[in-house]
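Just one chain follows, in the form predicted on its own, and it is written as structure tokens.
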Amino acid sequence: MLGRLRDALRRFAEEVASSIAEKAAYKTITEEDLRPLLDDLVFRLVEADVGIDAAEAIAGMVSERLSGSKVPRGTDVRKHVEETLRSVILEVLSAARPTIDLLGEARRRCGTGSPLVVLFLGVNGVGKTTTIAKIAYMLKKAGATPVLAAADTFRAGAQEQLAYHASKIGVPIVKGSYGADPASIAFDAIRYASSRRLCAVLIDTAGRMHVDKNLVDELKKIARVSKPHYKILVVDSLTGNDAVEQALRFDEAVGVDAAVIAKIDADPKGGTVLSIAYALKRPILYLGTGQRYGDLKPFNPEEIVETILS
């Protein structure tokens, strides 16, 4: 996991250390030392699925912090560079630090008749339905039972897939016939949760291409009718730069309050998390780390940095 990103940063630290190894007692890292290495850093970051804008911004921040810095005698130059990389990567990831507590908010709404309403967005295949099931499992386990709204009435099997998860987890689901109005299903689910004083409504939606005008119009209608407290985008870590494109398109069309990055455990590159944090600048709430319902990890910038630069 995150191996290509880790290698890109380590190689940069090693090359900077090597380039000034022959300097005397107090080693000063100059812009000339860094210039030929920064292009390589950008290239390697892009190879690790970091978007070009994010990669260039990271290289620029590293250059600004390292240029002119002095490395005292006895200090490991590589460690000095790695600490700079650590601070830069942490700054980028901190733009996505979670500021939304889904569990806490759902708990506070239990028994009130006013459930937490969460609308999930994302294209087909990113792991959206599985992510909804994981969040439902987390809520149910904590005593904040949700209802699932099967508002994807477009894709064959979508409602059955969500119903399977609902049955396994032990939470209710509101469905409709294929071709039915998705907004009406979302509305019915909210009414169901309100009447039974349940804690949350998790709305699944269709995930055709993010450039599909009909899908965008459908999502806007669902949002108008359901008035969600949060619109959460699910992206697949393995899709690299396309995840950024999806995030920006959905944000422009419908609005995105937060993101979940699925399948990060299977991602050998690791750059998607940096790209989404830099491009979207919205909270990343969770990382999907496996196929089991419990494989949902709260996003922690410091922990990600340690994983990359340990």
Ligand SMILES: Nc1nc2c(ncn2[C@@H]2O[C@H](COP(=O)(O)OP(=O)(O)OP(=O)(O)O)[C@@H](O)[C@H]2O)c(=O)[nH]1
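Numbers for residues come from their place in the sequence shown, where the first is 1. None of these values were measured; they are calculated from a predicted model.
Just so it is clear, the following notes concern the form predicted together with this ligand, a form of the same protein that is not shown.
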item	value
Stretch from 151-159, 110-118, 137-145, 84-92 whose residues place a heavy atom within 4.5 Å of this ligand in the predicted bound form	151-159
Position in contact with this ligand when the complex is considered in the predicted bound form, options S184, T75, N124, T99, heavy atoms within 4.5 Å	N124
Interface membership of R44, this ligand in the predicted bound form, 4.5 Å heavy atom rule	no
Partner proximity in the predicted bound form: A266 to this ligand, non-hydrogen atom cutoff 4.5 Å	yes
Residue contact check: T129 to this ligand in the predicted bound form, 4.5 Å heavy atom	yes
Exercise: A259 in contact with this ligand in the predicted bound form, heavy atom 4.5 Å	no
Partner contacts in the predicted bound form for 45-68 (non-hydrogen atom within 4.5 angstroms of this ligand)	none
